[in-house]
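Single chain ahead, written as structure tokens, the form predicted on its own.
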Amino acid sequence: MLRLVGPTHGVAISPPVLLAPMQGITDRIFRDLVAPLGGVGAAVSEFVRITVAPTSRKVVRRELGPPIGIPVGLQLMTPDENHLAASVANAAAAGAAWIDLNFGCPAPVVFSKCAGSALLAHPERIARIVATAVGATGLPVTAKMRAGISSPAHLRELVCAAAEAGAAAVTLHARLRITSYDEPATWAWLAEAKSALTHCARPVPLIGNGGVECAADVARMRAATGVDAVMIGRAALADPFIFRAAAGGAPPTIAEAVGWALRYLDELGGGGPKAKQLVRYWRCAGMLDEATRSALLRGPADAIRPWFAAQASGRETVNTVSPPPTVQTTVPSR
């Protein structure tokens, strides 16, 4: 169990495996469908960005949605302390289980605004933002960050800055801001961060994130790095049952996998960019071979639900997706 301890309130997370905040993925629809599968100890929302005014209770309630049986933390992203205290207070009043602060988003548009991972160059600003949030609520406040912008040289300073400012836990994504998701995560940085947090002036738990590709990786990460909990990101979209399997449950059958995908696609309205996103990552139950994945990604988004429905009905699937006609074209070099 992971315990997040705030000034007056705490959150118990059991099992200590969390669904990561991922912009464009972990919205209310996704969380609502993953949580009942089992093995999910808690989840964190997509980030809510603080701009020219405090984040309202209405926005927080819309982001959190109805209770889903597990604690859901609200992630806030801000470049400074402006409007932060009021936003945190509104989040607490609207039902957030805890507050998570984003110091890791690598997106260029975020970085250019001196938010997200841009703050990794300023541990003193991270400390001020954490301290302001902690001072505004009795809830736990956590900090999610990467190991650095272009180097992990200041990793120990960064995690300790957040902890000593009052964070209840630190989540470390074991990549740099410049590291693509196609490159492997560096779990050695998790071990270094864990050591730093154990020996800093205010020890707090470390949640490890990055490089979890299958259920067995959860135990492997904990054994290899000493992290107190594991946060799963894109692998949850690839296989929503990964939490159940990591907790010792059975891997999904094809029928379960198809049923989940159809419910998700129905909630999305049957197609659109998120349907293509699902296909891009989907590895659940080994039901999607690479040739079919390629055909689905090249074809129209509204062909995706019928393909999954065909698997549910047991029909032959080899020719259910017709690739687009071949067109001779010249692609300019980049």
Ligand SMILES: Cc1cc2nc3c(=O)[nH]c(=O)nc-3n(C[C@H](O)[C@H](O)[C@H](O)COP(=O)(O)O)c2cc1C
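As the structure is a prediction and not an experimental result, all values here were calculated from the model. Numbers for residues come from their place in the sequence shown, where the first is 1.
In what follows, reference is made to the form predicted in complex with the named molecule, a form of this protein that is not presented.
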Would S14 show up as a contact with the named molecule in the model of the complex if we use heavy atoms at 4.5 Å?
no
Answer yes if any heavy atom of P71 is within 4.5 Å of a heavy atom of the named molecule in the model of the complex; otherwise answer no.
no
Partner contact for R234 in the model of the complex: the named molecule, 4.5 angstroms, heavy atom
yes
Verify the contact flag for F308: yes if a non-hydrogen atom of it lies within 4.5 Å of a non-hydrogen atom of the named molecule in the model of the complex, no if not.
no
State the residue from A169, A193, A96, V212 whose non-hydrogen atoms include one within 4.5 Å of the named molecule in the model of the complex.
V212
With the partner left out here, if you bring back the named molecule in the model of the complex, are R31, F241 and K274 all within 4.5 Å of it by some heavy atom?
no
For the chain shown here without its partner, which stretch in 23-31, 264-272, 292-300, 49-57 has non-hydrogen atoms within 4.5 angstroms of the named molecule in the model of the complex?
23-31
Scan 79-109 and note down the residues that get a heavy atom within 4.5 Å of the named molecule in the model of the complex; none is a fine answer too.
N102
